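As C-alpha cells, one chain now follows by itself in the form predicted alone.
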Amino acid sequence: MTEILNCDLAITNAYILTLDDDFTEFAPGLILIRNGKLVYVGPDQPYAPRYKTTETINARNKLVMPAFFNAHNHAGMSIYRGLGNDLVLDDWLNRFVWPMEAKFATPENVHLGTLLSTMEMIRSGTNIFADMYFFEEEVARAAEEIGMRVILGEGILNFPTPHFDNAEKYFTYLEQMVTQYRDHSLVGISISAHAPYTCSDELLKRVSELAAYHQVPATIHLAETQWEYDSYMERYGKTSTQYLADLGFFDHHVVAYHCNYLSETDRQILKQSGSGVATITHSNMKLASGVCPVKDLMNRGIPVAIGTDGPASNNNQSVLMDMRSSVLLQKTIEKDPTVLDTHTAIRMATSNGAKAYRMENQLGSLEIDKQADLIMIDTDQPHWQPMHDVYASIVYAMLPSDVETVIVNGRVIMKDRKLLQVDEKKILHQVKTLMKKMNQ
C-alpha cells in the first residue's frame, strides 16, 4: 500500500522554480509542507504522492519560488526615510544620522521602525534579513511578531551609541543574546563591528574572537568608499581589508558589506577566508560611494548577495529592486551585457545570501528537508506577458507588488497581499504620529 504523507499545507497547481543546482522546474507542481519543512517538491497529479493536509492553496496561474534574502539592513532606520538626502557618506553620518539617532533611536522607535521595514520586505517577497543596528532585542521582537527570519547584529563602535555608553556593555549584551536565541526557529545571531574606521583594533579582535567562539558570522561594513581605501593606504600602507586580515579578523567566518574598493590582494583574502559579500547597490548609488566588482568576486567563488541597507540611505527595502539595479549597473560599468545573466541575478537575491551566511542547507532553494520559505507571485498581469523567459521576467519586469503570498517556516504570513500577523494600519498610524514629533 502506498504511503500517505501527512502535512500541514499543500500548494497545488503551481509553476515551481526550485532554484536548485539544475534550476529544476515543475509545471504543474506540488509542494507539501510539514513542521515548517518541505517534505515534497515535484510534479502535481497524476504523478504526485498520496497525502493528507490540513490546508490547501491552489496556485493556479501563480509562480512559486524561494523567497528573497536581504543580506544587509538597518531595519530600524526606516523612521528616517526621506531625510538627509544628497549627501556623501561622511556628511550623511556626521551631520544627519548620528545626531538624529541621539534623539530618536530608542527601543520603542527601533521596534516601530523595524516593523515598518519588515512589512515592506514581506510585501516585496523577502523572508529573512541580516540586521545591524541598536536595541537588537527589539528587532528580534518585531521579526517574531510579523513572522519573518532575522540575523541580529548589534552594531559595535568605539564611541557611545544610543544603546550603550561603552564597549564592555556590548559584549555582555551579545553573550546574553547568543544564549537567548541559540535554538530559535526564526532568529539568528551575528557579531557586528560597524566598520574598520569606527572600531579600535581591540574591538575588532574581540568581535572576531567572540564570533569564532560561538560559531556565528562576524559582519562589517568594508571598503565602502574611496576615502576609506585612500586613508588606510596613506596611514598604514595597506588597504582596510588587508589591515583587518593582519588583525586576524578573517580567521573566522565573515560577511563583508559593500566591498567597493578591493585590490587584487583584498580579493584573494576574501576568497581564501571563505568570506561572503553583500553588495548594496541602491545605497551606494545614492551616496555615490562606489561599485562592488560583483562578477570578478563571483568568478573567484565568493558568494555575492544582495542587501538593501537601511531605508534612510536606500530608500526602499525591496531586494527585487536592488537586484535589478545591481544587474543593470554591472552591465553598464563593465560595458558588457553578458556580465550577469538572469539566472545568476536571481541566485544573488536568494541562494547567495544563504551561502554567504552558511545557511544553504536550510534556505535558498525549494528542496526536500529545507525550510518552507517561499513566495507566490501573480503573473497574470500585463507586464508579465508574454512570458517567454520566466527568469528574465523576474529580473527585468517583476514588481514588488506582484508578490501575493509569503510563507516562512511553513507559516503563511501574507496571503492575497494581506499581512496576517500584524495590524498594518495601526503600525502606519504610529509611524505618522512619530513623524510629527520628529518634524517639530
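Throughout, we count residues from 1 along the sequence that is shown. Values in this document were obtained by computation on a predicted structure and should not be read as measured data.
Only in words, not in the display: the form predicted together with another copy of the chain, which the text now covers.
Enquirer: Using a 4.5 Å heavy atom cut-off, which of 185-193, 320-328, 163-171, 356-364 contacts another copy of the chain in the model of the complex?
Expert: Result of the contact check: 320-328.
Enquirer: Exactly one of 198, 273, 316, 242 has a non-hydrogen atom within 4.5 Å of another copy of the chain in the model of the complex; which residue is it?
Expert: Contact residue from the list: 316.
Enquirer: Out of 157, 93, 285, 212, which one falls within 4.5 Å of another copy of the chain in the model of the complex, going by heavy atoms?
Expert: That would be 285.
Enquirer: Decide if the three candidate residues 178, 181 and 216 all line another copy of the chain in the model of the complex, where lining means a heavy atom within 4.5 Å.
Expert: Verified in the model of the complex; spot residues all out of contact, no.
Enquirer: Considering non-hydrogen atoms and a 4.5 Å limit, does another copy of the chain approach residue 438 in the model of the complex?
Expert: Yes, contact at 4.5 Å.
Enquirer: Find out whether any non-hydrogen atom of residue 336 is located within 4.5 angstroms of another copy of the chain in the model of the complex, and reply yes or no.
Expert: It does: once another copy of the chain is placed as it appears in the model of the complex, residue 336 has a heavy atom within 4.5 Å of it.
Enquirer: With the cut-off set at 4.5 Å between non-hydrogen atoms, does residue 123 touch another copy of the chain in the model of the complex?
Expert: Residue 123: yes, in contact with another copy of the chain in the model of the complex.
Enquirer: Using the partner position in the model of the complex, report whether residue 420 sits within 4.5 Å of another copy of the chain, counting heavy atoms only.
Expert: Residue-level check for residue 420: no, no contact with another copy of the chain.
Enquirer: Scan 63-100 and write down, in order along the chain, each residue with a heavy atom lying within 4.5 Å of another copy of the chain in the model of the complex.
Expert: Residues within 4.5 Å: 78, 79, 80, 81, 82, 83, 85, 86, 87, 88.
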